[in-house]
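This document starts with two versions of one protein chain, written out as structure tokens and named structure 1 and structure 2.
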Structure 1
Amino acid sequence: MLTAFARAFRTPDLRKKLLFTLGIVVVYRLGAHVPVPGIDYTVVNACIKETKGNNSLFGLVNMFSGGALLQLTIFALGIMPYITASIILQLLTVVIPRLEALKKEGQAGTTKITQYTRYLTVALAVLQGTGLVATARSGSLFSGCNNAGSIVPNQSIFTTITMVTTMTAGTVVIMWLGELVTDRGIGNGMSILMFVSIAAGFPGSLWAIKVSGTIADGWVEFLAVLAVGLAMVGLVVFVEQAQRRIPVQYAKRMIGRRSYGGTSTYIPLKVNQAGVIPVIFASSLLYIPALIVQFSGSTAGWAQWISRNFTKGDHPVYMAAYFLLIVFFAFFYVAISFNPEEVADNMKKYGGFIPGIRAGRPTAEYLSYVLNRITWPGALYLGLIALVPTVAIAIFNGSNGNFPLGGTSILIIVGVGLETVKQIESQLQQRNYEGFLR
């Protein structure tokens, strides 16, 4: 099977794509290391060491940015603004008729919506960048660090503007890198970059478990976590591969002297049709209230309530909200990505039908009947997988809730990994090679 990886590299255009993707990844990681102008690099490093592990508010976002956020690098904001922007636009598409009309327009309309997403990303990046720079300036980014106040030595307005501009530009570059990967590399660019960010934090956090463990120098904890992680990978793959196949018959047609169609095939409806997107959406939305409180610096009643309940990943209120959001987004995403009426229409056009169901409206109704029922277990599974490790850690350990090996990151890593491997596989098969999955 490992030879398949080698074969992938021996195929000329696949090699080009893989190397291109790897190159983009290298550029992305470089940007995640270069510090933003105007900060004192040594002080930041000292503060990261000093406050390691107890920066719970930024834990998850920091993980999504691959550790770049706390290091205050030029890619500090990561792809978070882009993700938030695309959620907002997808939500708005349902609400605003003009956007809905654009979406129905097809290719041209989608390009327009992508354009709006980019503008919104820039706006959000400016907002988030300003917030981040403000907290870094005041020293509240690293609460508990002695010389946190001297992270930004020169507090003039010009320096601040430079920092915000640099970070915004960094986000725009990341957006561009992601689109390049989608265009000319392997897999979906945004997911690949997200995957890389999470992967970057993995070795460190695994090692931290070993260091903080007590039984047999921490090796027992280390191996236990590893085993649970592998078991979860298996479980995620299992559900990710499960499909409800709806049989479709195509009518045989004679055109001239040749007959067409007459084949039977199926529509695959995955149990987890939405993939990992609900998890990403839910976690980035949940971060927003805490962000607002942090940046407004308000001490009113609501602000205190939010910072009590929403900043720590292992708080019951947070977990309940997380779970509900995941379930909601699972249904929401299935609803916008799979349109039963459209599928039924297409089937009708090409002479296909589900045996026992009439073409047209009854078919659409049947599809949505199945989809509604199959999405429930899928959504609950997503929510549970995302939560179970957090709950377990909260019970057994009581330590940092945004544990980088939590369900969220495992879901994202396995989801993206599976998708990418399948894409490589299909490219290999196009060239008549036997792929990985045999």
Structure 2
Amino acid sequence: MLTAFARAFRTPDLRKKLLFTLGIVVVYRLGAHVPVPGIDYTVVNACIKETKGNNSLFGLVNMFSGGALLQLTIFALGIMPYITASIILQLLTVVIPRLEALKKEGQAGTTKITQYTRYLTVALAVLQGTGLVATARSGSLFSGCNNAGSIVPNQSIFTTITMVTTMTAGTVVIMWLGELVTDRGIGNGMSILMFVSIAAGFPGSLWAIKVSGTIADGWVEFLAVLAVGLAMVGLVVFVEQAQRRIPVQYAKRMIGRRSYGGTSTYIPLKVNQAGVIPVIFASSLLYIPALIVQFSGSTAGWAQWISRNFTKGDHPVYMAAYFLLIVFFAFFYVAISFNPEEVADNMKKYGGFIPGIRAGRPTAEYLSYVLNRITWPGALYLGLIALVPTVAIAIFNGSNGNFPLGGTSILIIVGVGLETVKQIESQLQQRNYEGFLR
């Protein structure tokens, strides 16, 4: 990785792209510290210190915003509305024939789907911004803070509309910055901004573990967490790179006097075909019961049971539900994102076949069988990785706010890091062959 970056900095055009990307990152991080008009920033800082930044209900969104959510800045919503919109459009592509037809149209269809994603991102930003402002006004954003109700001093309709509009505009700016990195930077803009948001909280969280430690002035806990983090990174890299390669042979075809085809290739089926999506789905779904209890204020038996079992992440019921939901969504996402029948039909159309398997329906059944077999270890791996921070919190008697090496963050950081290195290496190879192609 370091070698690829060093070679890129020695290349003038790639150096410009890297510096441009770094400039966008600086702008993004500056926006994450500009408060929204209409809030008392002194009270916000006091509540963050009083609760030590711990908020189990909004922890996932706060992580994706780089800590800007709880600080109520103009980039408080972060990139989460765009991620949600992208996932929703991807799911609707399987259900709505119009979107499926657009997906098959190539670049023009992809551009249209991207436009729909932008519109849906704005709508979700308005919805989430309204919910965040309402939560801040009610004092529920910091449940353990005594002055949480005075975060928004002026609770008029004009102030509320101004705050929601500012947060929505901040989300649109983030989306624009990500597209700038994709077009004029090193590429993969949205993922890089997500990487920056998560990595921004690492130094402070690691130092908080050292400060709160008791063995050897906290250095033992600090080094133990670093060792666990390095082990998790190694495991994630190993599994993310693992794939089952299904060989495909293409028959020879005679067109005129020329022979076409006869080549051998393979279908790469990753062990973790779903990526980090199941973890995001499961985390978001488990927030819903606690949010319902918090906003309803009910003291019934069901509300007390949810508050007792689903508020703290180290509860056995919460951990079991989290693990099972991750496994379920892993199979669900793989089922909707990979269509064995479509792959088998495309292979049959172009004269391809899997050695030993008949073309058509037997090929689709074989692909489905292999995909189900390799999804099991991928789903179990995701569940175990996601539970590592919960177990570590119980061991170190800490909290979600000061343990940085969560399963979701490690998966995203490693995945984006690997993809960025591949992007840089591909651009380096393209530049090396540019003179020959001319």
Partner chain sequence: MTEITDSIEVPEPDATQDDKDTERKPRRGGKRGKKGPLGRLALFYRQIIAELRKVVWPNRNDLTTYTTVVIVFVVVVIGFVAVVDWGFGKLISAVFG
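Bear in mind that the values here come from a model prediction, so they are computed numbers and not experimental data. Reference numbering: structure 1, starting with residue 1. Only the largest set of C-alpha atoms that superpose within 1.5 Å between the two forms is called the rigid core.
The form predicted together with the partner chain corresponds to structure 1; structure 2 is the other form. After superposing the rigid core, the C-alpha of Ala32 moves by less than 2 Å between the two structures. After superposing the rigid core, the C-alpha of Ala274 moves by 2 Å or more between the two structures.
After superposition on the rigid core, displacement of the C-alpha of Gly185 between the two structures stays below 2 Å.
In the rigid-core superposition between the two structures, residue position Ser368 carries a C-alpha shift of 6.8 Å. Core-aligned Cα shift between the two structures at Lys349: this is 9.8 Å.
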